[in-house]
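Below sits a lone chain in structure tokens, taken as the form predicted alone.
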């Protein structure tokens, strides 16, 4: 592209600057290069993978169309349990995470025990793998001999997820709270607002809005980790896929379960990316 091309009257559409036209051309060229390279890689995979010696066996075990058609409806039905567990866990996680974040933000020396509790809570539940928390709570508490329904793996599996993810959400919320400049707290105090009112009406609304994308990513991870509850009993999609695998001696149900998870998590991930890009544009 020459300087004459940029400066010519036909090269600059009405309403656009020469810089905008140039950047649009660069973006289009980048998209063409990316599409070409991606297509070349996919074409190579489609050609090379079937040439592998064990491809026929892998295709029969993992990509069996007949098994997929027979098991997919049952997997969808089992996935409803994953959605239900996620639906009642997510608000509990947010509320507990908010309480822990407020404990971490306690400023008064008299409230230091709450601050210490928040520190210990996040250190412990972020340091222990979620599968261990599920095992310890899911098998340990029902082992106390509690009557029904208090020995249900659905209850204690949910408790394990809530306790673990609340620690991560609390840290994200705390980072949002700390991102609010101290001058806003000082301005609120000068208007006569108490500390609690400042937190409620000034700090928290801005902090929560700022950390929505990060929390979206955590809740996407939560949707996947619901499958870990299958280890303590609930017959959700992962466990149902295992049942089908044992009955049919075929791994295709696991592929079906993966596709169902992808159908949910990919749009949610793209939406989280959209929110992050929107925030970045607003700050620039």
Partner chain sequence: MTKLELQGVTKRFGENVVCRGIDLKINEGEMVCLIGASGSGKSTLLRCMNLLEPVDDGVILLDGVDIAEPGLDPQPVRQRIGIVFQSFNLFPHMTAVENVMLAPRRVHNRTRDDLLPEVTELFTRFGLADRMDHYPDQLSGGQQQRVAIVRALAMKPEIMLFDEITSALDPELVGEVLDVLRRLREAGMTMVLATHEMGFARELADKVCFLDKGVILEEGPPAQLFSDPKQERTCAFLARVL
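Residue numbers count along the first chain shown, from 1. Computed from a predicted model, the values in this text were never measured in an experiment.
The same protein also exists as the form predicted in complex with its partner chain; that form is not shown, yet it is the one meant from here on.
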| property | result |
| --- | --- |
| is_contact(residue 206, its partner chain) in the model of the complex, heavy atom dist at most 4.5 Å | yes |
| Residue 193 within 4.5 Å of its partner chain in the model of the complex, heavy atoms | yes |
| 4.5 Å heavy atom contact, residue 197 to its partner chain in the model of the complex | yes |
| 4.5 angstroms heavy atom contact with its partner chain in the model of the complex for residue 184 | yes |
| Its partner chain: the contacting residue among 201, 112, 150, 88 in the model of the complex [heavy atom, 4.5 Å] | 201 |
| Its partner chain: the contacting residue among 106, 212, 189, 131 in the model of the complex [heavy atom, 4.5 Å] | 189 |
| Location of its partner chain contact in the model of the complex, chosen stretch of 70-78, 176-184, 90-98, 156-164 [non-hydrogen atom, 4.5 Å] | 176-184 |
